[in-house]
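Shown below, as structure tokens, is a lone chain in the form predicted alone; questions about how it binds or moves come after it.
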Amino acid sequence: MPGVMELLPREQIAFQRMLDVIRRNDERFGFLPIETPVMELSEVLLTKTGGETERQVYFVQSTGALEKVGDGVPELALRFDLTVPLARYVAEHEHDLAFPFRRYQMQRVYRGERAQRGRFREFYQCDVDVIGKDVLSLRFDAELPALIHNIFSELAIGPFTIQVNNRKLMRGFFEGQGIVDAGRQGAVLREVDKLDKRGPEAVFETLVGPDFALSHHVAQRIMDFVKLRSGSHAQALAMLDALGTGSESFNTGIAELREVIELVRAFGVPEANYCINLSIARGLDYYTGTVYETTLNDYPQIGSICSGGRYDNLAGNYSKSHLPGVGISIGATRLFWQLREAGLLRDADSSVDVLVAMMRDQDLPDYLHLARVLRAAGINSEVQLEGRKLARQMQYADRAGIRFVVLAGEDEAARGAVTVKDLRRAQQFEVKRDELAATLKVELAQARAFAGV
């Protein structure tokens, strides 16, 4: 089916292990899991503004509802991101939550994307957010890059850079250029955010074109501003100092960005993994302060692999409380697809560690006993239950990605031993039956350590 990612088992295992890395690091940083229903009330989902997603909503209707005559939007719709459900969740459970509320969520979302290579209508989103009550310290803005660094370091997919900017700084700069209307500022921000995709010449031509009608002088000043990048921590601070002063928004943005960058270093993120990039704006209007985009240094064509930012009031449409937050999101399905296309991920071995081969039908109870012993030791084991030639059993294990095959034939039984075949190393060894589980645990631990799993 177009627009969905359907994987073979070993691909699915690799994808699941990527999700496990993300989940493991979210929990290491003290974030709590939640899940929300795949369906939300349409009136809840359609209150979000500032993006293209509302035009890609899938509505849900029962066969009973189809029989009713009437116009209007169906009552239910599939969620198109995890942010709107989070806002509804926090508003509904506000009095039961401890603030700041630190949550992670890893679930499928749905968008009516045009069917094309690498774009998905159903995909996993992995979100992390910190929600405050009334106020939320900038320190949380600096903590999220530390989490991003841990996740992508453990995924081991190559060097990456967390690019940081501040929307207040951007808006303050635009005010200095005579662009004071909030709507027009947002439109310019969204255009600037396309710099890496469209290139500077195309963005410049759009800014001076009929849609924006900026003077060449103002457009050039914007282009010069957004091209600024830092190459080190010291350079980032010097760059902020060199920007000087301006409007209240401009000065506040500089101060916030300086504080976040200083704290990112205090959180232990190496300076090679973060920088200031003044073109990063993020396309959604609800971002109000710090914004992030993470890219792979050697594969810029992949684009952002993790993005997010600060927003003033998460649940403003659902609650009278002021609930500021900061969050990041990883589009896990698209990221996995892109990494495989770039050759940065390979299929995983099977989640089955050991196949107990069928040597003789009459010895099946013994093979089942061996498997029970291995499973009790925490070793995932499968027993070959059909009589097949040994060569075909080996072929099956190899194709399924099972590394170890245990052979317990007449000769081994006479010696109180079994033979273990390691299909990856094309080697075999004999071990006493009562030492099999302990020996395989050592072999598996060594294999996983070597593979970095």
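Don't overthink the numbering: it's just position in the shown sequence, from 1. Just so you know, these numbers come straight off a predicted model, no measurement behind them.
This next part talks about the form predicted in complex with a further copy of the same chain, which is not shown.
*Asks:* Could you work out which of E43, E35, E410, D398 is the residue within 4.5 angstroms of a further copy of the same chain in the model of the complex, going by heavy atoms?
*Replies:* If I apply the 4.5 Å criterion carefully, the residue I get is E35.
*Asks:* Note which of A417, M39, M394, V420 lies within 4.5 Å of a further copy of the same chain in the model of the complex, where distance is taken over heavy atoms; exactly one does.
*Replies:* None of the other options qualify; the answer is M39.
*Asks:* Looking at 378-386, 160-168, 216-224, 187-195, which stretch has residues with any non-hydrogen atom within 4.5 Å of a further copy of the same chain in the model of the complex?
*Replies:* This holds for exactly one stretch, 378-386.
*Asks:* Give a yes or no on whether every one of E175, E271 and T295 sits within 4.5 angstroms of a further copy of the same chain in the model of the complex by heavy atom.
*Replies:* So, no: the whole triplet misses a further copy of the same chain.
*Asks:* Looking in the model of the complex, any heavy atom of A266 within 4.5 Å of a further copy of the same chain?
*Replies:* Because a heavy atom of A266 falls inside 4.5 Å of a further copy of the same chain in the model of the complex, the answer is yes.
*Asks:* Consider S350 of the chain shown here, and say whether it contacts a further copy of the same chain in the model of the complex, taking contact as heavy atoms within 4.5 Å.
*Replies:* So S350 counts as contacting a further copy of the same chain.
*Asks:* Flag P100 as yes or no: does it have a non-hydrogen atom within 4.5 angstroms of any non-hydrogen atom of a further copy of the same chain in the model of the complex?
*Replies:* Yes, P100 sits close enough to a further copy of the same chain in the model of the complex that at least one of its heavy atoms falls within 4.5 Å.
*Asks:* Does any heavy atom of Y124 come within 4.5 Å of a heavy atom of a further copy of the same chain in the model of the complex?
*Replies:* Taking the distances in the model of the complex, the answer for Y124 is yes, it comes within 4.5 Å of a further copy of the same chain.
*Asks:* Residue by residue through 75-94, which ones have a non-hydrogen atom no more than 4.5 angstroms from a further copy of the same chain in the model of the complex?
*Replies:* Contacting residues: L76, L78, R88, Y89, E92, H93.
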